[in-house]
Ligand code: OGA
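Just the one chain here, the form predicted alone, laid out as structure tokens.
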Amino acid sequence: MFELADSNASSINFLAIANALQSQGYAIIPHALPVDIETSLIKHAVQLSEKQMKQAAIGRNQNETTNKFVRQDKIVWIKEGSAAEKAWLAQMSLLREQLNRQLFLGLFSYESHFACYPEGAFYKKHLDAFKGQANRILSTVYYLNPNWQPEDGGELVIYDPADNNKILTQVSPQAGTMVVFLSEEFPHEVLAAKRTRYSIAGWFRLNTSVKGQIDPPK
């Protein structure tokens, strides 16, 4: 049986992420997690059944709807259902603690899902949060695609907040690469790939629970 090392130990370069967020609002970290955790997450993502993966929606709660003209990925939310998921969430908890300590962001909770983009699938340009809503503060993407080649496509494109037609960077979805960026600031999109593409998308949130209404909703 495949066993994970201590998931509370991390190879994430917290200082590099904090410095990049402070200077430019986004960070790109190759080989972000220990190899055993990376390997377990790749295996788990590939083994997820079609029944578990659901067509991703846009919006939330009563405004949630599917729109294949905007996004075509399939997802399953992470809920500590396996050793791989527990290890992932432990790593993100460490990241939350360190970023709060270094940048005083007040990050409170974290939600994430596995995403599968079938060949040709995409996600058009969008923001993860709208300004002033104080919900999603920091976005994370972690890639699960070994031996990804430039001709395979599927890049994450990050645009300039001041000019959303200007490309700041394109990130190849190579296994082990993590991208972290300010949710309200950066328009981004996922380009179509020539092979199936796996990732974990996640968001750190503030605690905006008021008058007994829990946020984020369960």
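Residue numbers run from 1 along the displayed sequence. The structure displayed is predicted, hence computed values, not measured ones.
Another form exists, predicted together with the named molecule; not displayed. Remarks below refer to it.
Distance criterion of 4.5 Å from any heavy atom to the named molecule in the model of the complex singles out V141 from the list V141, L107, A121, L89.
Of the candidates M53, I29, L156, L33, L156 is the one whose heavy atoms come within 4.5 Å of the named molecule in the model of the complex; the others do not.
The candidate spot formed by Y117, H126 and S199 is fully in contact with the named molecule in the model of the complex: every one of the three has a heavy atom within 4.5 Å. Contact annotation: V190 falls within 4.5 Å of the named molecule in the model of the complex, judged by heavy atom distances.
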